[in-house]
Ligand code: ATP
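Presented below, as structure tokens, is a lone chain in the form predicted on its own.
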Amino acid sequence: MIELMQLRKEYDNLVAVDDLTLTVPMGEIFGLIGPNGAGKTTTIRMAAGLLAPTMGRAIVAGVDVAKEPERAQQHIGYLADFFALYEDLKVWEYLDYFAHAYNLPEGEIAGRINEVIAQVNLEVKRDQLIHGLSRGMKQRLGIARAIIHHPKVMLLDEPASGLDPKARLELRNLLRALRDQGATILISSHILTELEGFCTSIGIMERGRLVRSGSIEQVTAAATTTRLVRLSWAGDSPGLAQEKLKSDARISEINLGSGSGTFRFSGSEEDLAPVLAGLVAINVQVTSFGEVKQTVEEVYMKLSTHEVM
């Protein structure tokens, strides 16, 4: 649904994006992660057709955004980090303006405005002037504007910036709902906790390059060669468990305390089952046993060099 092919953007002596190739399949929520200055905004603006690449192509919903910009815009919902709001308009008037800008059929506009206002939970603010809205409400209005024309693809640049925790949660739920309705979403952020448990795939950007990309599982697996396993048992002494774990060459970094602890395991997920069975067989009263999954932030810290332009 989104294809970025060897994108490059130069500003005089600065290369903002360098040979970036990325494919986001239909129905994905792809998180573009990186520090400020990594090239995320430039990438999204090129994908949206708002910035011409020095080299490369951006194709959205099968349309080349440089060759057919007007056709491409019918498929794209774009929200900038800082977007314009006409604050002397009412909420519905603002959406009416953009519905006409996207050439929605006149007979459908009123119904579509009501639909998106309900979708972003702004019903009680429908007739309020925009300047009286909170930061979170304005962000929701920006999303409503971006989806007014039923886009297949959404390109969102730091959409949770400045939102409080409740507003961020509401934004996540809204974007999940849009994905469930068939939208494909590319979202950028430098705040990693915003993307945790939300994106289906991620890409790490630094100095204009895509350092790593793939599903959460693929990127997580690439960040380490061992699994961190947490073990708990009934009783205080770790002696039995300690000796059993030491006898397995695939196990390292054993750190057991009073009733619980962790160790590193170099085998596959399936290979963990015999380890558990072995502990039970020597009468270790295991109460919990399982791999500790890495967070997006932990993966990023391992793979990133934290460099910007």
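Throughout, we count residues from 1 along the sequence that is shown. Everything numeric here is computed off the predicted structure, so don't read it as measured data.
Although not depicted, the form predicted in complex with this ligand is the subject of the following passage.
**Q** Using a 4.5 Å cut on heavy atoms, which of G261, G49, G56, G37 is close to this ligand in the predicted complex?
**A** Contact residue from the list: G37.
**Q** Just one of 269 to 277, 247 to 255, 61 to 69, 38 to 46 has heavy atoms within 4.5 Å of this ligand in the predicted complex; which?
**A** So the stretch in question is 38 to 46.
**Q** So in the predicted complex, does any heavy atom of D81 sit within 4.5 Å of this ligand?
**A** The answer is yes: D81 has a heavy atom within 4.5 Å of this ligand.
**Q** Closest heavy atom of D96 to this ligand in the predicted complex, within 4.5 Å or not?
**A** Result no; D96 lies far from this ligand in the predicted complex.
**Q** Looking at the partner-bound form in the predicted complex, is E170 within 4.5 Å of this ligand by any heavy atom?
**A** Flag for E170 set to no.
**Q** Any chance A16 has a heavy atom within 4.5 Å of this ligand in the predicted complex?
**A** So A16 counts as contacting this ligand.
**Q** Determine the residues of 158 to 172 with a heavy atom within 4.5 Å of this ligand in the predicted complex and present them in sequence order; the list may be empty.
**A** Heavy-atom contacts within 4.5 Å come from E158 alone.
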